[in-house]
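First comes one chain, alone, set out as structure tokens in the form predicted alone.
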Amino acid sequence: MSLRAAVLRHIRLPVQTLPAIGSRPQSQLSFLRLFSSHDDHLTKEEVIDRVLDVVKSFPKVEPSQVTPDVHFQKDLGLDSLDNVEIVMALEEEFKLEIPDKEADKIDSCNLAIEYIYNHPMAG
């Protein structure tokens, strides 16, 4: 038996069920927060603008050379360490964590834009 199953078998947590929402006064529901799906997802234009701003603000980059199709190493002359620093700046800008395997593949603005636009938690 796995350790998880053994632990879960011995843990007992009390569960309190709430009656239907309509049956409680509004004042008692003030603690209840309803969540929805991630409907406020960024538009492609917002992602493009923010990715380009991050790349343009990188110290070794000439801002006039930055376009959505620019390649970090071929077009901007950056090395692999610079590439890692840009990906880290993108993670900070969009408040997400990009796994190392995926981060290694992001070597252009276009790939960064596509990855972030398709990420469900980018904000």
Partner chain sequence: MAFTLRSVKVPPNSASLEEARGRVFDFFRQACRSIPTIMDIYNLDDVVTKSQLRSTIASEIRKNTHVTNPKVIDMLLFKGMEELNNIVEHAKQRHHIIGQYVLGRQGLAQDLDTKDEGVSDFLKNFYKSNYF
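Everything quoted here is computed from the prediction, not taken from an experiment. Residue numbers count along the first chain shown, from 1.
Just so you know, the form predicted in complex with its partner chain exists too; it's not on screen, but the next bit is about it.
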Run the contact test on Val84, Glu92 and Ala103 with a 4.5 Å heavy atom cut-off to its partner chain in the model of the complex and return yes or no. yes
Checking Asp79, Glu46, Asp69, Asp75 against its partner chain in the model of the complex, the residue with a non-hydrogen atom inside 4.5 angstroms turns out to be Asp79
Margin query: I'd like to know whether Glu97 contacts its partner chain in the model of the complex, with contact meaning heavy atoms within 4.5 angstroms.
Written below: yes
message: Taking its partner chain as it sits in the model of the complex, is Lys60 in contact with it (heavy atom to heavy atom, 4.5 Å or less)?
response: yes
